[in-house]
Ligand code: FAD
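Below sits a lone chain in structure tokens, taken as the form predicted alone.
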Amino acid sequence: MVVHRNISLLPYNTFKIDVNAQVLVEISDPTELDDIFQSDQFRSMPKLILGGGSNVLFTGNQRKVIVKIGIDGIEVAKETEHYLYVKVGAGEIWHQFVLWCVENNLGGTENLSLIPGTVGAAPMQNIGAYGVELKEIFHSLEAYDVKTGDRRVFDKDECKFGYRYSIFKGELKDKFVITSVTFRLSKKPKFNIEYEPLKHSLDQLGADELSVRAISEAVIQIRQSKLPDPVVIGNAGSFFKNPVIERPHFEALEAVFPGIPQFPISEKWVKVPAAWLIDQCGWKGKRRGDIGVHDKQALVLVNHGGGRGKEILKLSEMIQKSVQNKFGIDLHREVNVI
């Protein structure tokens, strides 16, 4: 365990917001959590669990103990005829784990390539992309009870996965620290290429046959062509969730906006791309000083350098208001504002 005091969080968040933390503790072993949550030194101080910092927006200095999860390791927990169950440390970089799966020809993560963040953060919001969600390959996770210090295993049903949601964003928020995740990966993959952009990317790459590697490379190509690299320009990926609205609401909008795209969820519900809504409100590519909206993907807010978290939050609120005024749709943030 390494303890830092009065340290800048700029290297610890992909938005590149320069705020200070009173205390930042880096841990590499689950047992070190007792020293943070059960010891007299830090027990009375509020805590914030931080993975890769790719889904947070800091709006000011942090008078908290920032707990940076650095628990690594990838190990095979069990093998059956069709599946490999792989236990992964919460601090492993998600995309590095995806690449490990690709190298071992294990199916399930390929559509989730290049998503920023750590493995431990992935089940918290049930990450998803190109027709696949994490819950489809999830088996279980181990977590630390911050109140009692007990270790608990959660299965898929107990996690209550939904669209960009799990129980750890709801009733168990801030009550557990995820220390490892076990995935069920396919030895005989079945591929999901329903999204047209993915099919087009596969064609561009000249993929003669579907494979874990081909799909992963196609997803990477799409993401790199549309999304800014956090190393180059500060961002946290998709800032808003795609809203789900009732079908009569969608049909009323379709009568006014004939080109409005949709992804049917059920007979009652329709998902509408947030990026399209934001673009229609004229925000794509807009810049306000050091911050703005990405010029290739309206769903991504960016820090061009030197921007402040409060400025990005204000911009997001302006976008929400304009979408509500034009379409009657409430956009909800995917990024955690702290």
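Keep in mind it's a predicted model, so treat the numbers as computed, not measured. All residue numbers are counted from 1 along the displayed sequence.
One more form of this protein, predicted together with flavin-adenine dinucleotide (FAD), exists but is not displayed; see below.
Interface membership of F176, defined by any non-hydrogen atom within 4.5 Å of flavin-adenine dinucleotide (FAD) in the predicted bound form, is confirmed. In the predicted bound form, flavin-adenine dinucleotide (FAD) sits within 4.5 Å of a heavy atom of N235. Taking the partner from the other structure, flavin-adenine dinucleotide (FAD) in the predicted bound form has no heavy atom within 4.5 Å of any heavy atom of Q320. Remark: N55 counts among the residues lining flavin-adenine dinucleotide (FAD) in the predicted bound form, judged by a heavy atom distance of 4.5 Å or less.
Considering flavin-adenine dinucleotide (FAD) in the predicted bound form, the lone stretch of 210-218, 185-193, 223-231, 149-157 in range is 223-231 [heavy atom distance within 4.5 Å]. Residue R164 is the only one of H95, H139, R164, K87 with a heavy atom lying within 4.5 Å of flavin-adenine dinucleotide (FAD) in the predicted bound form. Contact check at 4.5 Å (heavy atoms) against flavin-adenine dinucleotide (FAD) in the predicted bound form: all three of I49, A122 and A129 pass. Taking flavin-adenine dinucleotide (FAD) as positioned in the predicted bound form, the residues of 301-338 that bring a heavy atom within 4.5 Å of it are, in sequence order, E334, N336.
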